[in-house]
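The form predicted on its own is given below as one chain in structure tokens.
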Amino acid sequence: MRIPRGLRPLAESLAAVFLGFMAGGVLVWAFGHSPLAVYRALLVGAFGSREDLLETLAFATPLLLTALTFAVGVRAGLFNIGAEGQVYLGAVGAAFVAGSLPLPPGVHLLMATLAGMTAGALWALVPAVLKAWRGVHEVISTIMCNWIALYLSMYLAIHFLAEPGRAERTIPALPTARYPVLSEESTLTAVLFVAVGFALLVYAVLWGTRMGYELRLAGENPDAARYAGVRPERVVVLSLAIGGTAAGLAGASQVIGRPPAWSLYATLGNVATLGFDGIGVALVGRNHPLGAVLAAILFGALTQGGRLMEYEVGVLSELVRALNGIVVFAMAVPELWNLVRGRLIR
């Protein structure tokens, strides 16, 4: 059967989902567990109750934003893996404003959010400048910036922002700088709406503005972009700045939008790996802002549902992570192949 061209991405993703869950089922069966029982626990744990659904969305919120970081870079022809460090700096910026600066309600929340977004964007400008004017490959510079951001953020959290008497975390965000909790049954807050709104804004910019058209043209055909007068330096700076803003918001969301700590752990444990996980989310979502929303919910479901798999079926946590990895890898293969094929054609 011939599949219409417009439906091929959907068909590829559905086939990848099926193969991923089949491969995961073989893995858990090899370790003595029933695949049906495991997947039932996964679904029930992720969507079985209102509380579970809200918690799934809470896990999905930061991943949606870090997925945008990678997706915007790919659309502009860049392989931006710097979201991890930008998340750290965004969390530090939000923790400082939210915990140290008493401001009126509303204004405080807005300023803390902007602080996180600005910190992430400024950190992204480092590899952007190196790429645009010195030709340093973004993979090298973003990896280096991630490590620098890790130790810089831990230093700032421990020596300047630590809560007195509790060195394991920063000063908690003041009540005026916290997003409202949507339900006492979960940790989901109104920052979810900010994240979804940001994704819609990125979609509108990429597909509804001249700037977005230039970014996508530079990513799809750099020679045509140069012939049309698109400045490569501008594309690099804009795409990485947008990505850094999204990652900074992701870091802020875990400080001022995720109870009960309302702070950044000194080990960065509540924001660690969000940037790297966002790469997988973006690939599963086909590097599209709206696809990233659905993919982030899937990742949130795997995380939340994995808890019940351990509790109810007795699956080891290491096996849960391996199962999730297989499913995610299988679903990311179609977009990975598209990226590799695009590079080979050039």
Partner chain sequence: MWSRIVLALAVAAALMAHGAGTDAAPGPFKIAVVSDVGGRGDLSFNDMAFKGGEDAERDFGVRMVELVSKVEADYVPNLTRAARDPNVRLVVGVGFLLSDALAQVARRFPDKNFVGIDTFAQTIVKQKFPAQYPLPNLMDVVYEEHKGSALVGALGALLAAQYARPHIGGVFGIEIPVLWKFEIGYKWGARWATEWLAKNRPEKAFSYRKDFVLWTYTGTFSDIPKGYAAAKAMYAKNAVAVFNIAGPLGLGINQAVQEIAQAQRLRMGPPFWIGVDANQDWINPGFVIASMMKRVDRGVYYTTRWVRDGQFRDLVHRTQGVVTLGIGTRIAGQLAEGISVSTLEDLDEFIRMGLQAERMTRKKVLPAPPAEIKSKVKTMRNAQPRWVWDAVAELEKKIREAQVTVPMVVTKPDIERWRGELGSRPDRWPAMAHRPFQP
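Residue numbers count along the first chain shown, from 1. Quick caveat, the model's predicted, so the values are computed rather than measured.
If you look for the form predicted together with the partner chain, you will not find it shown, but the lines that follow are about it.
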| property | result |
| --- | --- |
| Site check Thr113, Thr118 and Glu233: each within 4.5 Å of the partner chain in the predicted bound form by heavy atom | no |
| Listed residue (Gly229, Pro104, Gly208, Pro260) with a non-hydrogen atom within 4.5 angstroms of the partner chain in the predicted bound form | Pro260 |
| Contact residue in the predicted bound form, from Ser100, Thr176, Thr267, Asn221 (heavy atom within 4.5 Å of the partner chain) | Thr267 |
| Residue contact check: Val28 to the partner chain in the predicted bound form, 4.5 Å heavy atom | no |
| 4.5 Å heavy atom contact, Ile279 to the partner chain in the predicted bound form | no |
| Contact of Leu298 with the partner chain in the predicted bound form (heavy atom, 4.5 Å) | no |
| Contact flag, Arg216 vs the partner chain in the predicted bound form, heavy atom cut 4.5 Å | no |
| One stretch from 243 to 251, 89 to 97, 184 to 192, 68 to 76 that, in the predicted bound form, holds residues within 4.5 Å of the partner chain by heavy atom | 184 to 192 |
| Within 4.5 Å of the partner chain in the predicted bound form: residues from 43 to 65 (heavy atom criterion) | Gly45, Ser49, Glu51, Asp52, Glu55, Phe59 |
